[in-house]
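Next comes just one chain, in structure tokens: the form predicted alone.
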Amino acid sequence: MSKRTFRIWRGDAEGGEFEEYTVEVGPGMVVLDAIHRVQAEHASDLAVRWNCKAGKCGSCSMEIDGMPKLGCMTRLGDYPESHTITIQPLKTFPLIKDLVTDVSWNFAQNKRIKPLQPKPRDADGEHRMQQEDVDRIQEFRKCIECYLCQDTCHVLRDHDRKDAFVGPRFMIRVGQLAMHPLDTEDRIPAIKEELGSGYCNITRCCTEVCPEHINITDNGIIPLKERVVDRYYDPIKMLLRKVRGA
């Protein structure tokens, strides 16, 4: 066992400050373990959201030394023993208390996305799909809704354009539907206008922080942006639409 020091944000929407706590830690411990030890020994009222402690529920999202991470998957051994680890809440969303933020805005965005509109079944009552089409969207289904990608997105975080852009998590949500081999819904107008795909300038910061290693940018957002370009900005298609009067 050894002792380590942590700077943890304490406060609420009205204000707060970082407070330092020193606790004993052991081999293999993660940041969430250290927070629980701080709660047990120094600050029983320290607020932190967590659930599975296995990296699958997305509850313990926080910023550790300025990087959006899951507290339960960030090992203390990744940092030098003499280093004071700074822990703070997600900056993109309103603070409730200490390390807990209000992420309900994300739930509202999900409701804006139209559900799957499947094509009719074949004559024998079955749906048939190519395996490669199924494989293409399986990656997006791994999302645990930790909202780390939302937190690091500069459109939401730095420019606060929640009024115009749904963020990377919901771009891959709509991508999961738009690329589904059975979906018949025309989602391109919504991707361009309502969901704000044009605001993303593909910095790939969302992909870098995804704990499930989903290639959000290259496999999700870029293909959606390409569909918008094909529909609205391809000069040949624009000419054909004018000729046809469409």
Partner chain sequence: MVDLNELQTFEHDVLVIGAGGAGLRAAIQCAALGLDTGIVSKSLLGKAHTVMAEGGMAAALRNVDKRDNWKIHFRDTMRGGKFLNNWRMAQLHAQQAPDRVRELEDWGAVFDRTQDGLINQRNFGGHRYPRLAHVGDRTGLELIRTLQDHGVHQGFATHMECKIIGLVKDGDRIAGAVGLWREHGRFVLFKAKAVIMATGGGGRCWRVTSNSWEYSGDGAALAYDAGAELMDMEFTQFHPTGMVWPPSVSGVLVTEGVRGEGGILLNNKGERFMFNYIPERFAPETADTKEEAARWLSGDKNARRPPELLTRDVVARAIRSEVQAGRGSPHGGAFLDIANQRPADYIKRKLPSMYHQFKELAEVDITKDPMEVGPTLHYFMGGIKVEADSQMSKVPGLFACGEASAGMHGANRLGGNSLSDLIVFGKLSGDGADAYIKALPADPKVDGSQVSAIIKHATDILNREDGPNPFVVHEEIQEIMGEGAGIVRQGDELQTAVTKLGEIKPRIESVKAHAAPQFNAGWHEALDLQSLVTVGEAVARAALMREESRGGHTRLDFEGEREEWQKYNIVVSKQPDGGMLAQKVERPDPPEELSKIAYAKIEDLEAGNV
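Positions refer to the first chain, counted from 1. Note that the coordinates shown come from a computational prediction; the quantities given were computed from them, not determined experimentally.
Form predicted in complex with its partner chain: not shown, discussed below.
Candidate site formed by 57, 134 and 138: every one of these residues places a non-hydrogen atom within 4.5 angstroms of its partner chain in the predicted bound form. Though the partner is left out of this view, residue 130 does reach within 4.5 Å of its partner chain in the predicted bound form, counting heavy atoms only.
Among heavy atoms of residue 157, none comes within 4.5 Å of its partner chain in the predicted bound form. For the chain shown alone, residue 67 is not a contact residue for its partner chain in the predicted bound form, no non-hydrogen atom being within 4.5 angstroms. Among residues of the shown chain, residue 199 is not one whose heavy atoms approach its partner chain to within 4.5 Å in the predicted bound form. This chain is displayed without its partner chain, yet in the predicted bound form the stretch 22-30 from 22-30, 186-194, 201-209, 217-225 comes within 4.5 Å of it by heavy atoms. Residues 27, 28, 29, 30, 33, 39, 40, 44, 45, 46, 47, 48, 49, 50, 51, 52, 53, 54 of 17-55 are found to place at least one heavy atom within 4.5 Å of its partner chain in the predicted bound form.
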